[in-house]
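Quick heads-up: it's one chain on its own, the form predicted on its own, in structure tokens.
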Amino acid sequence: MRYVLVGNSIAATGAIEAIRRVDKDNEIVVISDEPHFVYTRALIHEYLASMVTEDMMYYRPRDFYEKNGVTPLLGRKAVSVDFEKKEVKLEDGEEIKYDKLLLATGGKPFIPPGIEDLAKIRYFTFTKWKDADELREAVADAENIVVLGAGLIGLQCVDGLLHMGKRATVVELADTILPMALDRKASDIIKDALEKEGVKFYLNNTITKVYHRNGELKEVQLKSGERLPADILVIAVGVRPRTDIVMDTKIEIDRGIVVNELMETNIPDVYAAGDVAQGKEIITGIKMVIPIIPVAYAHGKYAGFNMAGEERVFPGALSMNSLQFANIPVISYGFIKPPEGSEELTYFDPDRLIYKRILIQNDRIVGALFLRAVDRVGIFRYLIERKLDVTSFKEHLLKDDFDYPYLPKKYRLEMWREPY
């Protein structure tokens, strides 16, 4: 038996650890086009600003592969899969046989079409270790940095630049920042705080053209017609599942590689996990791509168990965000936009700059957002994932001291019986 994992990040780590809990002996091969040992992309912005060292980037101890009997093929790109022969072909021509295959190829930066002359300049993305290395060198003498995209990746890049003493101008197509993670109220609070730190925003806008001199960027033009000076352009409008390796094959692809509740694809012995996988979302039951670290690890863990022969049904992924910008922490779970027929509970204290919002549908919490008041909010994740009725204690949900004692005894006993 040989397990082959294409991808070397959080999902692959979860799979390795699960496989080894069931199968101590059979071979595990990890293939990655990056030369680095498994690291966390959540720290790329801090690495950019030299707030963390190289050693702090790694997601597991450096002997992780050795202790788990993993053969790493790093810096080697997988380019295709032959499902009939059960082979993964590498860019250098080598073919790697597999018995069980995990596709954990992650996501790739989305480059929006229609930016005139973009191909004539050097621009940057911000999803990999090498992106931070390249950007740090490039911005050393830069005065005008433009970031396209005010989502998580774009604003993490801005945060790293701020810690380097740099300022950035952010262009965003939506009319709020962090539109996939925050509602308008929370977005406005974070935006105001970042503006006080020197960040300038152009919302409801995008870049339509770049101006250069012999390939050296000078200006960007916005949809609104304005032209902004620019030495550096970072494109951070989001990622798309990296499905290139299995394009034009029989594997089912929608937004990502479609998987069932065992993380299996429609091809026998082939699984997918992480940012490339489109699996069950826990609130709606709909299959979605949810590109966040906790989901990637959970995907990989369940895939690993099932690959090794121990059936585990994945209960579904919960969209969640844990952010901090301008020293303001924010945590959100589930829906951001209120679903039809939902009830909205809100609390805002302008003096303490505390904001809370809870969405309830059919007597169950389907969304929760907390700005500054983030202590003990894990209880809301539990309530959402277990789909528990909150009717009997709904009036307490927004209280400063809301915690386990407010829950019915039955819920408390269940939580203590099954540590979360």
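Everything quoted here is computed from the prediction, not taken from an experiment. Residue positions are given as counts along the sequence shown, with the first one as 1.
The same protein also has a form predicted together with a small molecule, omitted here; what follows describes it.
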| item | value |
| --- | --- |
| Listed residue (A78, L161, V330, A230) with a non-hydrogen atom within 4.5 angstroms of the small molecule in the model of the complex | A78 |
| One residue of V139, A308, I251, L152 in contact with the small molecule, assessed in the model of the complex (non-hydrogen atom, 4.5 angstroms) | L152 |
| Candidate stretches 170 to 178, 336 to 344, 308 to 316, 266 to 274, one within 4.5 Å of the small molecule in the model of the complex by heavy atom | 266 to 274 |
| Non-hydrogen atom contact P294 with the small molecule in the model of the complex at 4.5 angstroms | yes |
| The small molecule contact at I44 in the model of the complex, heavy atom, 4.5 Å | yes |
| Proximity of Y302 to the small molecule in the model of the complex, heavy atoms at 4.5 Å | no |
| In the model of the complex, E385 touching the small molecule (heavy atom, 4.5 Å) | no |
